[in-house]
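To begin, one chain is listed below as structure tokens, in the form predicted alone.
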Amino acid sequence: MELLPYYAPLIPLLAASILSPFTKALREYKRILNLSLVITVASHIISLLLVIMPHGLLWISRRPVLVTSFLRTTFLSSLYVDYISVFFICLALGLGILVALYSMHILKEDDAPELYYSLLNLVMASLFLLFTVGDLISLFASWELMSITLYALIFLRRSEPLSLEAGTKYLIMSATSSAFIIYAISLTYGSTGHLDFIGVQRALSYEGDLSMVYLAVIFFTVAFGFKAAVVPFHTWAPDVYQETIDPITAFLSGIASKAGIYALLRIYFLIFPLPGLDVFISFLAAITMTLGNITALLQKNLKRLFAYSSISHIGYILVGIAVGTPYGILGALFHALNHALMKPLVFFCTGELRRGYESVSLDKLEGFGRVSHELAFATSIGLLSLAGIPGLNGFISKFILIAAAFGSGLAWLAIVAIINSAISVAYYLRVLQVMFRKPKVEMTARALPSSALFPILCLTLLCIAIGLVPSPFVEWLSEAVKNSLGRAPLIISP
């Protein structure tokens, strides 16, 4: 019973394995689609219950837990679970449910819905593993499983040339980042003689030559920064976000990018707690925020604008990581949560604009807010939250990040973040202006289907609720940071 919660990744893995052959028996498109959706949502809910139930991962990880020789195999040789792991698992599963629901009215018969939902389950299983593994080999294996599954989802509509081009770019760059991970792992093993997280940490000799260890950290940053779209490893994101189907765009920005953030947190604060990394991370944060926001100012395609906006918000999260204090990491986790709500919300809304008005160009969307009131309200909340307007969730996390930077002596980085927040307001307000401007041509109202209305409504209400009552989330994340960092893990040997 003690190890039962650690088997939660097997639930979506089982769903992925049975979906395609099981649904082949139902030839009608709608029946396959509905059954695939039910199986996917059920697997996510069961996994989530295994996390939050009494004696689940949430209860077990009140202090870090290291499970050694898990399953006694070379893969998954150890697990490392703490509150930060649980935070990212719950975030991924919750958003996974909304993405699965939203996908229902997006898929076409040619998209093979049973294969699509099977891939969604598989990528969720890989994320679950990624957030709980305790050694570098298992981390790489789960990272590759996630990446390969995302390739397939991005290439879903291979008949569209631009989608194929964007997916090819993602494939090439992701394969290159995998090579960096392998090289970094080899440098780590050569320098420390260990591959498990705690073993590497304890083997670091701060009195010896750390040049190879610092080089390994740089290579890990390049590889994991790719998935998070950290500048200068971001070049795939605008094309992929623009050309991929809308639920996968939301998945990439809301969930997959957080896998990169999680891996960077583990590298900087658990595996390699090295001095001097704050300067390196501060530089990455500053250029990521600045380039993302300035480039977003120049965009007329709404999906491309939100892609660069997403890059800039990764820069804000890096501010908290650069600060490195418990308050800074709290701000990074809180902004990761808020970004995972705000960005899928605006991408869902953009998807509905594409289907309703056959365009995501700002020039062709003038005045839609005057006729499509539900869609306009949700889009407005998403935009204002991203801009950091007081009363919505984006403001609270940005405030914490900037206050943490000032408090830790990184005043220059806090000022850069403030300037970038001001720049971002300009292009968010430009989109709002276009929404409610008098249309040049007659526009009809766009009614949201129920499969789109529910996830959009959930994300909208969460953005408002967290902005108005942030204290429960801030308190839990504060507890997560306090219980996860700087504490020796409880070691379990099954």
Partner chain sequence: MSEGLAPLLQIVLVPIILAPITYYSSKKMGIKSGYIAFIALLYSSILMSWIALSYATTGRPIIEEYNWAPVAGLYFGLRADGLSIPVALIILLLSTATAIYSMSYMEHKSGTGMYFALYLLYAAGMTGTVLATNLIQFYLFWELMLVPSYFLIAEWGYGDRERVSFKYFIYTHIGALSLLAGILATYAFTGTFSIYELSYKASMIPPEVLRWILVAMCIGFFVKMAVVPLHTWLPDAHAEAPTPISVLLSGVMIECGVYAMTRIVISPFYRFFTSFSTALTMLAVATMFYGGMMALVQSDIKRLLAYSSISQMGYMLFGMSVATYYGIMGAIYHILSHACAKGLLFACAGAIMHQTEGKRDIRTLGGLAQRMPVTAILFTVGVFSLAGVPTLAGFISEFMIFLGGFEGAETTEKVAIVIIAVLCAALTTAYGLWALRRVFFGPLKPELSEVKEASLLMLIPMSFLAVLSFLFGIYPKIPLTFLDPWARSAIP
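Residue numbers count along the first chain shown, from 1. Being a predicted model, the structure only gives us computed values, none of them experimental.
Keep in mind that the form predicted together with its partner chain is missing from the display, and what follows is about it.
Residues F88, G193 and L204 are none of them found to lie within 4.5 Å of its partner chain in the model of the complex, as judged by heavy atom distances. Picking from 196-204, 286-294, 354-362, 386-394 the stretch near its partner chain in the model of the complex, with a 4.5 Å limit on heavy atoms, gives 386-394.
Interface residue among S421, S312, T188, S147, judged by heavy atoms within 4.5 Å of its partner chain in the model of the complex: S421. Only one of A426, M53, V38, A445 comes within 4.5 Å of its partner chain in the model of the complex through a heavy atom, and that residue is A426.
A263 falls outside the set of residues with a heavy atom inside 4.5 Å of its partner chain in the model of the complex. None of the heavy atoms of L457 is located within 4.5 Å of its partner chain in the model of the complex. Although the partner is absent here, A42 lies well away from its partner chain in the model of the complex, with no heavy atom inside 4.5 Å. None of the heavy atoms of Y151 is located within 4.5 Å of its partner chain in the model of the complex.
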